[in-house]
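One chain is shown next in structure tokens, namely the form predicted alone.
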Amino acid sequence: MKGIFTVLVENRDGVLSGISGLFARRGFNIDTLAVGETENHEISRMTITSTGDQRTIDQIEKQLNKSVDVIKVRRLSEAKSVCLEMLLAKVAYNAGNRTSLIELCQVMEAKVMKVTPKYMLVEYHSEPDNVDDFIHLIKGFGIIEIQRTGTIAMEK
């Protein structure tokens, strides 16, 4: 089972460390983590995804609610939320497959950010499963380097 938590926290030093420590102490895994300031400079929003059985996901929510720096915790349903990730990838190409890579990017609505003689830097953002699919598709060209954000989510 996947747990998606959006957590409003005080925007100050040590809060991220405290939340990640909470997960480490309890033996919970963080699958993805994205943090950013909200419209209020004093508050940040964390989007945390984790997997486990129902009991584990319930425990994560309870432990987050106990944290001093946490203002509000909401568990989101995948079906009732918009979840997105962003990917940057350096993808190798040659004269024989350059056109195929560009066509793939067009079909998938990925953006070619930079072209060098040896690789293309590609940006792609979509739902996490689509990001996984895109990675699978570009593997055949040769991934030089890849960076992906954590999931960000908002209730519909």
Partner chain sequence: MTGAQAMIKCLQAEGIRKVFGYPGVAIAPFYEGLYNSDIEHVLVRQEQNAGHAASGYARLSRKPAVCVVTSGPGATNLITALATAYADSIPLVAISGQVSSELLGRDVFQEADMRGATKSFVKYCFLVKNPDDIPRVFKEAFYIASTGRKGPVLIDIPIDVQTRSLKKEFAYPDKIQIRGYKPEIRVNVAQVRKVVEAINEAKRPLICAGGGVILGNGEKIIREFCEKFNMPLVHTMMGMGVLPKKHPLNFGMLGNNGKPYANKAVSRADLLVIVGARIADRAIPKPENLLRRTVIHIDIDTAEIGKNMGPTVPLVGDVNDIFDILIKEEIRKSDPFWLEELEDIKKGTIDRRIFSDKNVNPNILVQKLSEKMDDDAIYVADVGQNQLWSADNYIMKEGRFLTTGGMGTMGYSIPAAIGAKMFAPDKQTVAVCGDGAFQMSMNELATMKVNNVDIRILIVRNGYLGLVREYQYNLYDGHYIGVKLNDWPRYDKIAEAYDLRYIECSSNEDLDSKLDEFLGSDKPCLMVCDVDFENRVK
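Treat the numbers as computed from the prediction; the structure is a model and nothing was measured. Numbering follows the first chain given and starts at 1.
Form predicted together with its partner chain: not shown, discussed below.
When its partner chain is considered in the model of the complex, only one residue from 105, 70, 131, 91 comes within 4.5 Å through any heavy atom, namely 70. Between the options 26, 111, 114, 118, the residue in contact with its partner chain in the model of the complex by a heavy atom within 4.5 angstroms is 26. Contact with its partner chain in the model of the complex, judged as any non-hydrogen atom within 4.5 angstroms, is confined among 122-130, 37-45, 96-104, 83-91 to 37-45. Although the partner is absent here, residue 14 sits close enough that one of its heavy atoms falls within 4.5 Å of its partner chain in the model of the complex.
At the 4.5 Å threshold, heavy atoms of residue 18 reach its partner chain in the model of the complex. A residue is said to contact a partner when one of its heavy atoms sits within 4.5 Å of a partner heavy atom; residue 63 meets this definition for its partner chain in the model of the complex.
In the model of the complex, its partner chain sits within 4.5 Å of a heavy atom of residue 59.
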